[in-house]
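Single chain ahead, written as structure tokens, the form predicted alone.
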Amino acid sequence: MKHFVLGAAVLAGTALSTFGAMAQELNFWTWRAEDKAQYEQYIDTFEAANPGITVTFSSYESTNYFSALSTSLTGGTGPDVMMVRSYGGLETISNGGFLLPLDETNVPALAGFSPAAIASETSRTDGKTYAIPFASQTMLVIYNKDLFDQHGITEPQTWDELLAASEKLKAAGVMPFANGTATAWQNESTFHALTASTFGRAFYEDMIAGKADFTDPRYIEALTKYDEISTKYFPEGFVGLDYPSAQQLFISGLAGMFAGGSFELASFATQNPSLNMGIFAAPGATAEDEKLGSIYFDGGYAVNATSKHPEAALKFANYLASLEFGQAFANGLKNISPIPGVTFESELLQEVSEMNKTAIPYIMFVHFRYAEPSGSALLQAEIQKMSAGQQTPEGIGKVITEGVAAWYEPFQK
């Protein structure tokens, strides 16, 4: 296994003399094998600033990562620094006491992160923060600018204009949307990408305050509109269309739009550099309705509570929280870093960053993945049933509300 010498911005108030002359090796684990080349560059930068600390970069398939991580931590070993999930996914690790709590005393840069970013890596069980947020993702609509221009379509400002644009593409022999419903998690992201402006900020705030649940007419309207647009304007046979196939329909220029996440942008551009993309938040009923993206924080960098080299691990963590790293992350991985002060070379990422200023949380990911049944699993399964003609919007709202009421106190009436 290749080893990489690391260096980083010096942790405020910490002296290298505490390390002694012996080199210290850190293990860094991630599920992002595809980002290896970029992380090697970040590691080289860290190395130049901090000779004497070395890190082994280890990546695992995402499907196996958390099993391997949990097993190693439970066994008393595990990496010194690791990528972890956010929200409910974080608590599966942090509640075991495996992670070092992080705050402004040991990672000063955390003081500048937004409250929403910090909340994503804070355990609801004990109120402590356990990781440095590494990226945000926003649900939105990606469109093919060349196809829009070719057919005289501009970014829709109302739901009816979105339907009209879809109809115009369909009449011209172009698939309006590339999305399918065979891959369960895509149903959730597609729904939020298309309907956040329909159910709206007021519903979100009422739901979090315990004044509304998923049987609310505003949420049912959003499900109804999703059903309307998917059955009319998703590809023929969309019920059996999986995520990779849907991606290829858009990348190849066969479809005008793709409802999904900002994480698609870098992948799409890599696979088809000539693809001319634009983005918009799917609109509400009127042009005056707030056009909302749905945002969540994708995960974070955590430190092993039993690391044999805690000071070195914290030095690396502080680098991962620095503006220097955040800027390199945004430039190299074409993703939205939550580190304050980061700017974006990509016009699309800059546009996403602006959208994030008014976006609402991606409801199920942020609030309803803390226990079983999760809101995400319920929504995904029920949308699949609705797409197959076996469920109604009203039925979905009832199933989700009753399902999460098993553990979500505001719904226990």
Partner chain sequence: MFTKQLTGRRLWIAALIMPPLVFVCLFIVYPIISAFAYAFFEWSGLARGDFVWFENFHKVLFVEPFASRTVNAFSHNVFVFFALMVFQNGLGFVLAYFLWRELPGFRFHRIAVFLPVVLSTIVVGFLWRLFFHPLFGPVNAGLKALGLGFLTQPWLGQDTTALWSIVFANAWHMVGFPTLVFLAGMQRIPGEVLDAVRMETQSEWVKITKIVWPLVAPSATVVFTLLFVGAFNWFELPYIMVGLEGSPHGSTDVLGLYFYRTAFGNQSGAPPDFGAGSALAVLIFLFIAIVAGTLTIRMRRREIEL
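In this text, the rigid core denotes the largest set of C-alpha atoms whose superposition between the two forms falls within 1.5 Å. Keep in mind that this is a model prediction, so the values were computed, not measured. Numbering follows the first chain given and starts at 1.
Below: the form predicted together with the partner chain, not depicted.
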Response to the item:
Note: exactly one of Gln380, Thr56, Thr45, Ser346 sits with a heavy atom within 4.5 Å of the partner chain in the model of the complex, namely Gln380
Practice prompt. Tell me, out of Met207, Met277, Leu241, Ile153, which residue has a non-hydrogen atom within 4.5 angstroms of the partner chain in the model of the complex.
Written response: Leu241
Worksheet entry | Gly237 within 4.5 Å of the partner chain in the model of the complex, heavy atoms | yes
Worksheet entry | the partner chain contact at Lys385 in the model of the complex, heavy atom, 4.5 Å | yes
Discussion item. Quick check on Phe66: any heavy atom within 4.5 Å of the partner chain in the model of the complex?
Written reply: yes
Fill in: Proximity of Ser374 to the partner chain in the model of the complex, heavy atoms at 4.5 Å
yes
Response to the item:
Given 23-31, 350-358, 365-373, 46-54, the stretch touching the partner chain in the model of the complex at heavy atoms within 4.5 Å is 365-373
Discussion item. Going through 95-117, which residues have a heavy atom within 4.5 Å of the partner chain in the model of the complex? Please give them in sequence order.
Written reply: Asn95, Gly96, Phe98
Fill in: Rigid core superposition, Val352 Cα moves 2 angstroms or more between the shown form and the other one
no
Worksheet item: Is there a C-alpha shift of 2 Å or more at Met386 between the shown form and the other one once the rigid core is superposed?
Response: yes
